[in-house]
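Take a look at this single chain, the form predicted on its own, given in structure tokens.
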Amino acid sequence: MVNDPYAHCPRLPEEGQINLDELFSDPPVDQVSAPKGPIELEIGPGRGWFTIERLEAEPQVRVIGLEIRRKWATIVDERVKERGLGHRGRIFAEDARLTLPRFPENSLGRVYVHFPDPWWKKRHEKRLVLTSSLLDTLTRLLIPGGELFVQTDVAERGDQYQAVLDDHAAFEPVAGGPRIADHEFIARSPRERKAIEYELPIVRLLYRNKKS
């Protein structure tokens, strides 16, 4: 039998609605009474550096990452805990499309989707992350005014994402958007840093949930 090094990968409860507060570890003693910050979601965190930088930069923020690759979900979740951030950050080996319907309504302040969908052939369209179906789910999960941030260094993908978002009744561009020159989240994903280094154009889209 082949030993599976990621058999212990972090997973979410298999059934029922997920209580997001219960996913985090207990805070340090000196932070027990600190107010709980908003929960942000990163879909497909990969190697996790955006999430880690975000947690280190904003001490009130909590971040959950859903990463379909068990290897990276395991490595990054352990990396977050090693940095003493497990009470505010967790990464789970899950498919966002299957898991998010079990998240509670109005539970997320912001959702990040960095450089998704590295598939170009027609037969791979079913694997695309940013679809109208996912937006329907995010509409329910985001608080009123909650934000959805998407970025890519592929111009055609950027046009595609913007078209899907513009067609969705629940989302509207932020003031000055939807395309923004840069973001204010402090953290950068590795792909974003590479694109900046090689001076590749980045399409950054920022929308808000219109529900009141």
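Residue numbers here begin at 1 and follow the sequence given. Keep in mind that this is a model prediction, so the values were computed, not measured.
What follows is about the form predicted together with a small molecule, which we do not show.
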> Thinking of the small molecule in the predicted bound form, which stretch from 182 to 190, 164 to 172, 139 to 147, 29 to 37 has heavy atoms inside 4.5 Å of it?
Replying inline: 182 to 190
> At 4.5 angstroms, heavy atoms only, are 10, 80 and 90 all close to the small molecule in the predicted bound form?
Replying inline: no
> Any of the heavy atoms of residue 66 lying within 4.5 Å of the small molecule in the predicted bound form?
Replying inline: yes
> Given that the partner is absent here, does residue 158 sit within 4.5 Å of the small molecule in the predicted bound form, heavy atoms only?
Replying inline: no
> Can residue 95 be called a contact residue for the small molecule in the predicted bound form at 4.5 Å between heavy atoms?
Replying inline: yes
>> Just checking whether residue 46 would be counted as a contact of the small molecule in the predicted bound form - the rule being heavy atoms within 4.5 angstroms.
In response: yes
